[in-house]
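Each of the two blocks below gives one form of the same protein chain as structure tokens; they are labelled structure 1 and structure 2.
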Structure 1
């Protein structure tokens, strides 16, 4: 039997693209020995699963059933980099391709799929705890999270990080275009009607522009442990 949600701690980490959420969340989850959820990858994983199981990308009901039952595991490889398993197979590279991104955008536009993935995200909440990486983890998916962090950085810094990440993975990238795209995406995300990108009122907001990975991880861990201690005092 699963533990009640209120006794399963959650660290909700939100923020725009390139703010370092993925790397920070992997490091924190590893140090805490907690489960990891990369919410942004779920639409890409649904698209990959659809191709694998012969489901059309415009078949909302079938896609929703597929999304609800995704067998996915998020973690890190031996070097600490991203690793995503779908039905036991490593699909890390596949889900980060441009083709997969385009297919994921079609999937994400289907309300039935979005609802199914909300339910799936809730099922990741298991002991000993969950580190949830996304854009609305602390405001919509886990509003009762034990600890909430909102990571941000200047558009220029985030573009540089994204450029480096793409080049290291063997993808073509243009730094100027990335900077423009990030600024435009920020504007869209802040103004969208459903789950706009914003920090929860009780979140720790960290500007990581001038911080290295170790500094951010340390600050997030300090905040998480302080919130856990406060939570224990309450109960």
Structure 2
């Protein structure tokens, strides 16, 4: 059997907030020289766009219209750091705040919004390959992904990591409050009716509580390379 010309390999990485997905995906994408889809940023951007356009966070149809027409650019600033523009305005700091994360989680629970963002996410799938970071990458958006990983860690470890990240980015943070908010957000992400946070049946589940970043990156790369070799054997 020949491999169809247009099959672009995808590594789908899902897991709850603070499981290390963002860092791991960035590192793996760099190593493979693949594109990166930060799907959480799309929900965060929808929440920011709602604030800007005076749309209520429970107005599904209006939010879905905003999501479908998001004018967004992902790039790098002069120092090589992340830069995200919404309607031409730099919102890099704004979308990384905990307030925005909590709003994004509410917006992400609305089925119309999720449906409105599907096509945009599919457009990131281009050669030589895509690392997709999210909650439903392996289950809903890229069910045919070449390789799937589900990252977990204890709630305490995830709150600690988030705390460190926020302080490093210059945000105020309170560890106890973060722990509660992470638990609430997990509950909302796991229990929503559409695309709940869930490991795909064929995902490698990795508990990263006692692992450092290098160890996780290594393990994910090993798994990805094994899956790529396996998919080559099939064709």
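Keep in mind that what you see is a predicted model, and the values were worked out from it rather than measured. Take the two forms, superpose them, and find the largest set of C-alpha atoms that agree within 1.5 Å; that set is the rigid core. Positions refer to the first chain, counted from 1.
- One chain, two forms displayed separately, with the form predicted alone being the first of them, structure 1.
- Rigid-part rearrangement between structures 1 and 2 places its hinge, out of 60, 118, 179, 77, at 118.
- Superposition of the larger rigid part on its C-alpha atoms leaves the smaller part rotated by 31 degrees between structures 1 and 2.
- Aligning the rigid core between structures 1 and 2 leaves the CA of residue 55 offset by 9.5 Å.
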